[in-house]
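A lone chain, given as structure tokens: the form predicted alone.
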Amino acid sequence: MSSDVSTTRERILQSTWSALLDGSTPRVRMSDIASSAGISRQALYLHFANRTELLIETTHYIDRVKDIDRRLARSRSASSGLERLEAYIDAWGNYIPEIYGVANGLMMMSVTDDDARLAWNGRLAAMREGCDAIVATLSREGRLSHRFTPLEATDLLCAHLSVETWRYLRDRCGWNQTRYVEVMQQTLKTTLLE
């Protein structure tokens, strides 16, 4: 990929990120993104075939810029399920405030916008994959509570770590970020471990 193409592509992704963060419109339009990136709508379609591709790639771009792989490295390389659980909650729980504007924009748009729904569902699937890996490790070690099937444990972990739960506890209940992570770690250890 040439430098000009790469730079244009990055400008497009940055413009989409900014539009999602703004959240002032119920739908991020391709023409608005093109205008913000300083290119024509036709040029935008040379880089991204459709809105779904653009929105999905924007979430991946944010993960690269925010270096989510580095943040999750401790969880992925943990020597035990408990260590993996604690590290994942720390990494993901502290990532939510950084991506909340985009997440909220996609969630709001996904009510009526299929492209946004696909992008948001992709994000949820990636988070669920991390939760599933934790539960699988706990299960292999014989540490997963007998009260739950692995599927139920993954469902529960995902629900506790959802953006919606974070928003409720932070905005509605006034919890600070440190307390949120601390309580999630303790609650989920108590709930999921045998």
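What you see is a predicted model; the values in this text were computed from it and never measured. Numbers follow the displayed sequence, beginning with 1.
In what follows, reference is made to the form predicted together with the DNA, a form of this protein that is not presented.
Listed stretches are 65-73, 133-141, 41-49, 148-156; the contact stretch with the DNA in the predicted complex is 41-49, by a heavy atom cutoff of 4.5 Å.
The DNA in the predicted complex is approached by M30, whose closest heavy atom lies within 4.5 angstroms of it.
By 3 Å or more, the C-alpha separation between L118 and I12 grows in the predicted complex relative to the form shown here. An increase of at least 3 Å in the separation of the C-alpha atoms of D114 and S36 is found in the predicted complex, compared with the displayed form.
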